[in-house]
Every structure is written in structure tokens, then in C-alpha cells.
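Below you will find one chain, with nothing else, as C-alpha cells; this is the form predicted on its own, and questions on how it binds or moves follow later.
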């Protein structure tokens, strides 16, 4: 299904969604940041940005979350599990790279067991994406097989055309149901084809060369060279839409407590520290190697999918100016040198 919506009618769309009980999340200003957050109306929405500072993952995989509560009485343990955590919602205005991270993450959250928190939120949330009409030097979606107007992971895709009009395309049955539910908000598509305003993102490296090089170079000086600037703050992992490490802790007294799931990150020194004091990844170089290997080799071999969508957030926030796409360019170039297997 294809429809059309003018920017001035975004408020009508958001108001209509809220009127039917949808929680609405969209890009909005927060001081100097642009963040995905709940909005009350279309007037709060900000679209003059390349990408939001936070990623879409926190609406499916929160930074911290209680997974159960318990109370102990002599030989009895009472357990209570959270309910109503999956809220009927629409995420409006996310970028295609963020949306694509969701089917990538579906694979790990439905792998050896089904994570009900992730699965039920995925069912409850409809993703309405706006294609990128601008980019910056950190963007590299086209290098990992995506595009500024990629549809994967979206239920509905908006693409800007002339003026402030947007072409509205339904991608999934869920998206089609949403547009039909609010059909009165939308106009019919133009009879003539219109030029779509989609950013041109430069392809920076051949991803196939990266994987082949990683297969042969678990041990290489490049890992230390890359990591010399890294301070191990883990900011790259927290803004990444596909990083999904977490730990489980009990916040408790002698008789009761909550079991809580918190984001964690492979770039932290303590991440792999054993109780004995031994750390199998004792250097930042080993931790950086793990980050690259996980995204571009291990996950590919396990799930046939790259664990990176090329959003570039990790490079934008890095206080040491580490740029992952530049490092992947170096690896791809290294792979092309005589004597290296491609």
C-alpha cells in the first residue's frame, strides 16, 4: 500500500495514534541532543538531524530492567514476574539503519531460548521509519549491505519527496494494518512519480574482504595498534543499536529482592574478569579484537548476519576519536595486499 502525508499533518497522525491508545515515540530535542523519546504531539518532533543520539534498542531492551522479584520465607520462595511491560506503541521517525538492527537482534534473542521481554515488545511496537535525506562522514550503511532507504525492520517507510510531502509505503502486514486504521489521516499517492530525497552514503570498504581477513588474523599487531587510544569507557557499546551484552544482578536484602538485567559492554576491563582474578581479555587490544570479531565474524558465522548497521554512532561518541569505519577500511586494504587471503 502506498499513501502520502505532508509534514504539517504529522501532528494529526501523532494525535490520532495517542487517541487510540498508542504510546508514541519520535525524535525530539533534549537540550543539545536529539533523542528518541515519548512525544505528546507532532510539534515536538525534530527531523533536522542525521541520526538520533540514542538508538532504537532501548525500547525493546532497556538499560536496566527487573526480570523477577522474590521473597524467601523459611523453606519457601515466592517468585513474581513482571507483567504489562509490552506497551502498544509506535516508534515514528527512526532511521532505516536503526530499524534494521531489530531483525538482526531477533536472531540472538530467539536463539537458545526465547527472551519474552524482547519478543512481546517486538509484537507490541510498530516501526514507522523515515528514509535518510542527509548523512555525514560517520555513516557507512552502504558498506554493510544497507541503504539510506532500506526497508528491512520497518513496518512503514516514509520517504521525503517535493516540498514537505512524504511517500508512505507499508512494508509489513502490521504496517498495513496501522495505515488502514488511520487511513483518514493520509492522502492518495501522486499520480506521477516524484523524485525521492534520499541521501547518498559513500561505500567505504568491501565487507567480504573484512570477513576473510578476520578468518586468518586472530593474532595480529593491528589489534594493539587500533586500541592504543581506547580508554575503555564503553560508550561505543551503549549507543550501538546491535550491542546486546548484559549481566544479571540481585538487588536484595536477607529475605527479598529483585533480579535485574543491566546493559554491559565487552570494552570494560571487568567484563570478562573471573572470580580468581584471571582475565582472558586482559588488554584493551584483546577487548577491541573481540568487538570487531563478534560483529563481523562470529555473528556472521552463527546467524548469517552482520552485527553492525553502519549508523556510525560509536565513532561519533568516542572521546578518543576511534572510528570503526576507518579501521574496517584499513582491514579491507590489508586484505587486498599480496599474500593475504581474500
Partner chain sequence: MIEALRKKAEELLRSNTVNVVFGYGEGSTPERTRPVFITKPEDVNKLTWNQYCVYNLTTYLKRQETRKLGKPAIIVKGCDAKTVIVLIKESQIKREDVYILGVTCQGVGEPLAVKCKACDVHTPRIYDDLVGEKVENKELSFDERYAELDEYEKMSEKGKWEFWQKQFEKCIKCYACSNICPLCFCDRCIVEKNQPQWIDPSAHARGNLSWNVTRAYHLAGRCINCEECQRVCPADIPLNLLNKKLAKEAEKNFNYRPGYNIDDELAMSTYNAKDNQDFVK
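Numbering follows the first chain given and starts at 1. Model, not experiment: these values are computed from the prediction.
The next section is about a form of this same protein that is not shown, the form predicted together with its partner chain.
234 is the sole member of 153, 148, 93, 234 with a non-hydrogen atom within 4.5 Å of its partner chain in the model of the complex.
With the partner omitted from this view, the residue of 203, 229, 88, 256 that lies near its partner chain in the model of the complex is 229 [heavy atom within 4.5 Å]. Shown alone here, residue 333 lies farther than 4.5 Å from its partner chain in the model of the complex, counting heavy atoms only. Residue contact check for residue 63: one or more of its heavy atoms lie within 4.5 Å of its partner chain in the model of the complex. When contacts are judged by a 4.5 Å heavy atom cut-off, residue 171 does not count as touching its partner chain in the model of the complex. In the model of the complex, its partner chain lies farther than 4.5 Å from every heavy atom of residue 52.
In short, of 137-145, 105-113, 194-202, 211-219 it is 137-145 that has heavy atoms within 4.5 Å of its partner chain in the model of the complex. The candidate spot formed by 268, 317 and 321 is fully in contact with its partner chain in the model of the complex: every one of the three has a heavy atom within 4.5 Å. In the model of the complex, its partner chain lies within 4.5 angstroms of at least one heavy atom of each of the following residues of 27-63: 30, 31, 32, 33, 63, in sequence order.
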